[in-house]
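In the block that follows, a single chain appears as structure tokens, in the form predicted alone.
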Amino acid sequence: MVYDMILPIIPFIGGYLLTYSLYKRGVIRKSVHISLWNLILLLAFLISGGAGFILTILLEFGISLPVNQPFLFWHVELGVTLVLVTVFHLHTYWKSTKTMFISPKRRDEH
């Protein structure tokens, strides 16, 4: 099975850049930008995780159905986009995210 890496990533990068630039120009509020990408993150997780969960159950019971390959395809494709949207999420919440990576001693210095 062949998986596309570039094709699903392009619309997400374009969409993020579009909503981020609209937010920076004051066309939309930051909360709209964040809510939209939180929703996309949730949907990508539910579809990818749901497909993975169904595949695991089918595999556990030794069931091979015609839907196994499409589920596997969408599980991988949305997993790739999930990684990308997670990077966007970290960009959005960078100030709170970086505190997780700074040691407690250094945190007191900031």
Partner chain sequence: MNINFKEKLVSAVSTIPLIAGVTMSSSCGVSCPYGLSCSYPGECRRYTDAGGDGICDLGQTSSSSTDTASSSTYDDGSSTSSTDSSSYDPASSAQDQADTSTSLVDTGNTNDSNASAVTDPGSGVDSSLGDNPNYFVIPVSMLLIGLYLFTSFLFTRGILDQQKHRRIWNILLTAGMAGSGITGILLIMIINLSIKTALNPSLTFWHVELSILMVLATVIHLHLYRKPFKNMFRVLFGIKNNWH
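Positions refer to the first chain, counted from 1. Note that this is a predicted model, so its numbers are computed, not measured.
Just so you know, the form predicted together with its partner chain exists too; it's not on screen, but the next bit is about it.
By the criterion of a heavy atom within 4.5 Å, Val27 is excluded from the residues contacting its partner chain in the predicted complex. Taking the partner from elsewhere, Leu7 is found to have every heavy atom lying beyond 4.5 Å of its partner chain in the predicted complex. The shortest heavy atom separation between Leu72 and its partner chain in the predicted complex is within 4.5 Å. Heavy atoms of Ile47 never reach within 4.5 Å of its partner chain in the predicted complex, leaving it off the interface.
Residues of 44 to 58 placing a heavy atom within 4.5 Å of its partner chain in the predicted complex, in sequence order: Phe45, Gly49, Phe53, Thr56, Ile57.
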